[in-house]
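Taken one at a time, structure 1 and structure 2 that follow are two forms of one protein chain, written as structure tokens.
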Structure 1
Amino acid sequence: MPEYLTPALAYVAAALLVPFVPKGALRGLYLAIVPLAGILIFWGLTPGTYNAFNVMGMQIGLMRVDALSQLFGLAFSVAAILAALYAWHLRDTIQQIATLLYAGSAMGAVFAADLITLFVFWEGTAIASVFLIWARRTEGSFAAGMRYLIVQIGSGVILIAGIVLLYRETGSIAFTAMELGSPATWTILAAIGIKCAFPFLHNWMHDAYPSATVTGTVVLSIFTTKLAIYALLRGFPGTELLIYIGIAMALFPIVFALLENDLRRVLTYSLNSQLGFMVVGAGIGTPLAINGAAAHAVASIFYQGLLFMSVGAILFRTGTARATALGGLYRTMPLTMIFCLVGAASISALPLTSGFVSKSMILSAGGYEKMFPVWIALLAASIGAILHTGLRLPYLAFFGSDGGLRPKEAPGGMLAAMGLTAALCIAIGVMPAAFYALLPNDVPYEPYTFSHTIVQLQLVAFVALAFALAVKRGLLPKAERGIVLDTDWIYRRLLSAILGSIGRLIAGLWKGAGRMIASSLNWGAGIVYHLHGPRGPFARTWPTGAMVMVVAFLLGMTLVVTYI
């Protein structure tokens, strides 16, 4: 008899009960406690597969416990608690249910031992998360949500197609490391690639995340992409292709992040770039690189979350996240500013923050393998991250030119969430050993060597200097209202224009053909009616003489036929 108690189940069950918990503090507490309960389910279990059973000849395993899944499970759970705190003020039941379902699906996918279970929760994250976008309740977010949903579910159906092919190829649906080579594995990689926001598959993120609600964006930033990283680490460790993809992914968003006006969109590009680091780590595939990617994923959940939270707080109080409208907020939102700076320091990999202890592992892994181009590219990407998120974002929001807004400091729940997250970022940075103990591979690594620390400080300081000069001399793009074209142009403009014209063409042809058919039918019917209608020759009462003529004619014809 299989058992079903998994974190995912706990989340789903809890989500169904949400409407029955009274709104307010009680519900806030409830939402924060559920992830805690989730941790209790899997924490401390000896590695192995639990809740395994057979369905239609396929071996299903709902809960595989090992270091990797536990690490991601833990990170997701903690992030879910923080997100619940952040959304303490929220009174929207739909968002609360969606958040729990979303977190639960992500947990379920992380613990999935087989591909079917993975698929189930993979789609689960897609469906649950879209409600966080739609919950903004505007035409724009409705459309953005639809686009997001189609991409996300698209990833899911590509995954299932890959699973089908793999199942028919190998006869197994176990979720283990795969070799690229068959259509099956390519398909599965493509599915993961979409969720992971590989270049050219990335735009759903920049389209959808900034369209969500204040709290929704924070929640969204936690799960989907990190889940994809997890899937890469599990399914395609050491796949060389990933290195190149990762590099491209780490580099190209920099430019967009520097150009964007919407701060939430800036953060999505920065997130995208950080994911590139992790993909490179997965691609390098050495134990250290895997550790680095996993560690960076966990660290980025928190610092990226922290950044989204602080921008969310600004949006919550000012009603906008446009850089052009903001500036000078340090006056009235100093706490938010401090937390934001902690996040900025983290993403800049300043020593004593989480970014430092995680990112350096990936760079080191590249260094150990003597992959110079990889290393130099990642270094450049780090510089970009310091520039656009570490400096430009806090500068535009809190300093820069005074936008004249004097909003109140963020509400308590948000501050608490941000404070805890900031503390976590620093704690990881200060106590890396405890953090490393959680990583999947047992590889000794010491981030705080003298040279390491000093060069990283050099890097940050000189980039800051460059930023200061660039701002003064106008070497950076000015923040101005507007948008930046990205690949969504392909489907929002090009494709819709092409489809639109094809549609019009078909509609025109259809109409024309319909009219032609209708008119020829009418014409045909007219002829038929003319012949067979009540006054037509076939129906008319003929004069007797004519009748006899017909008879005579037929007789003659038949005779001719008979004699031939």
Structure 2
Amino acid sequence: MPEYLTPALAYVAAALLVPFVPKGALRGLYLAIVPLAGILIFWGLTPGTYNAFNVMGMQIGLMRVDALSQLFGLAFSVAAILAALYAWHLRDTIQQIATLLYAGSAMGAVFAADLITLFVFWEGTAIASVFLIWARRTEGSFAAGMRYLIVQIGSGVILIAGIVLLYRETGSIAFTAMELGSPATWTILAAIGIKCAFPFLHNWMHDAYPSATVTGTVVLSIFTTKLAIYALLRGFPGTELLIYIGIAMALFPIVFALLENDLRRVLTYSLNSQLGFMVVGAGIGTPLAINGAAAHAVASIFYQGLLFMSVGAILFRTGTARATALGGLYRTMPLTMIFCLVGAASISALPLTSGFVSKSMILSAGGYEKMFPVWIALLAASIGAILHTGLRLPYLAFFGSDGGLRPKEAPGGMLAAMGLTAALCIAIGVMPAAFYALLPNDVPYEPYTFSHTIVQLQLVAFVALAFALAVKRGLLPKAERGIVLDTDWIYRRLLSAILGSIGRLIAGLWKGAGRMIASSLNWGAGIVYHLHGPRGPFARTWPTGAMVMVVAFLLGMTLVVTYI
């Protein structure tokens, strides 16, 4: 292949040419072809490192090709094609350029063979993606974009600090498996954890994604967090700490997703929970677990993207994604409803869908390693996913209380993208062997065993029955207007209150100090006036002899001080 030619370069070059391509169908076709060009660059290459060179004694590798990088590269490329199709109606040049740069940066990071290249593209994803939030052009989106940018750039700063420390410790910047135990590796893991939305580091996602444009949210759901999962699989496979972090990630969003009114925020909590499964797989670290985490990341790109597309289509047609304003949309948006149900079935791991064949690998990996508490925790998280996204979200959007809205069906480009994505979700579930052949480890696995299929069907049926009874008896938590705060309460309320109290204290002290200084100055001015004023003692006419005595006294004091 030509030197320095990488998929990232193809995306960047294409982004620079976007303004010169006429808007409309021709530009839409152009945006869909770019990812195909990226696939042609890396697909079919034999494993190895390409475009390697030395800079100041550091070995840089722009393109490391192996099964893991090819899998994520292929998934990102296909997702970019679907996103371009979904945004076919879009005429916003800024969003189109930002999408290409964002996708290209993610591709560059996936194929990076060294940590310096990873860092460059890591920051590229942050800078490019924020424009998908700002493109909404509202005051709220600008503020959310600024918060998002601070967090993402902060992740990059932490990453480069860890790289510097690692280079000092080992003399290498190779992007390979690392073990926790030094400041360098802990720092690098923290940087990845921010992008992966670890607990207490996750609020940027729930803040920024729902603030982006309709198409921007779909694109955001594809790249950033899945890139972080790739980095964990590449850099920290088998790190036990990730198991506990992943369990927390899988479980804590459940309550928030059940209470949230904004359906795009529901999906961000759902995405956060699904990331937990992948992090657990990375932490278990066996070949089957790594395969499961990688497979679930790819499956999630499509079924989570399909759900974001469905809600985005609703937002595009109705102007709102709030559950309290929706309901009854199956009447006028039946195709969007069907595609949403396919995504809901996939995230619920219903047999013959992508979620079933990917999630089962992680559960089985935990079971094979006799991690029963881990298996139970992930099973509980699976129940939560069925409840809050598999059932509640489609019910509130398309059925439930009729909001009286009668919008038109989604545009043709959106329907085509949703249809193809739904077909992929089903194809992966129906033909798992072809999907498993793309995974990094050659580990035989059969998802459609009798016991596993029956158990999953029973689980879905039980949760569906419980949901139906809860709806009938009015026990389902109602979607209500307002903001559901989780750990962002710390900076939205607690930190705001603390800073407000400190500000009021400082203002009070400043005001008191000002009053005291003013009072002291007035007092001093009064004394001066009393002494030197028209009636003061120093304003009187003094006899010559008195003045001679004063001068003599001052002279005597001067002599005493001088000689002492």
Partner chain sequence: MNNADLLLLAIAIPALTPFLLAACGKQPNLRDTVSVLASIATFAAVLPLLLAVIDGARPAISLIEVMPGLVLGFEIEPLGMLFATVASGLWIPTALYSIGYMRGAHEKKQTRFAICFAIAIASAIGIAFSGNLFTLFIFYEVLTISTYPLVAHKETPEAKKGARTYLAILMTTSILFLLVALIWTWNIAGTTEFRAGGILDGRLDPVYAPFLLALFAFGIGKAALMPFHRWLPAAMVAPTPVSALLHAVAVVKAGVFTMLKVGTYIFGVGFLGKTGASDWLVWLAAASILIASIVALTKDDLKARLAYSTVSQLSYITLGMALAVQMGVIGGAMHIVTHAMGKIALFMCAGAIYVAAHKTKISQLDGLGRKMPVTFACFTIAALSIIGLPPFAGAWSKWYLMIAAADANQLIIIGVLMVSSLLNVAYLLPIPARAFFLKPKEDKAHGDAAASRIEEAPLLCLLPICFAALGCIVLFFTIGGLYEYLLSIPIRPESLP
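Just so we're clear, the structure is a prediction, and the values are computed from it rather than from any experiment. In this text, the rigid core denotes the largest set of C-alpha atoms whose superposition between the two forms falls within 1.5 Å. Counting starts at 1 and follows the sequence of structure 1.
Determine, for this pair of isolated chain forms, which one is the form predicted on its own. Answer 2, the form predicted on its own.
Is it true that residue 25 shifts between structure 1 and structure 2 by 2 Å or more at the Cα, once the core is aligned? Shift at residue 25: below 2 Å after core fit.
Does residue 500 move appreciably between structure 1 and structure 2, meaning a CA displacement of 2 Å or more on the superposed rigid core? Superposed on the core, residue 500 moves its C-alpha 2 Å or more between structure 1 and structure 2.
Just checking, between structure 1 and structure 2 and with the core aligned, does residue 514 shift 2 Å or more at the CA? Yes; that C-alpha moves by at least 2 Å between structure 1 and structure 2.
Rigid-core-superposed Cα shift at residue 556 between structure 1 and structure 2, Å: Its alpha carbon moves by 12.1 Å.
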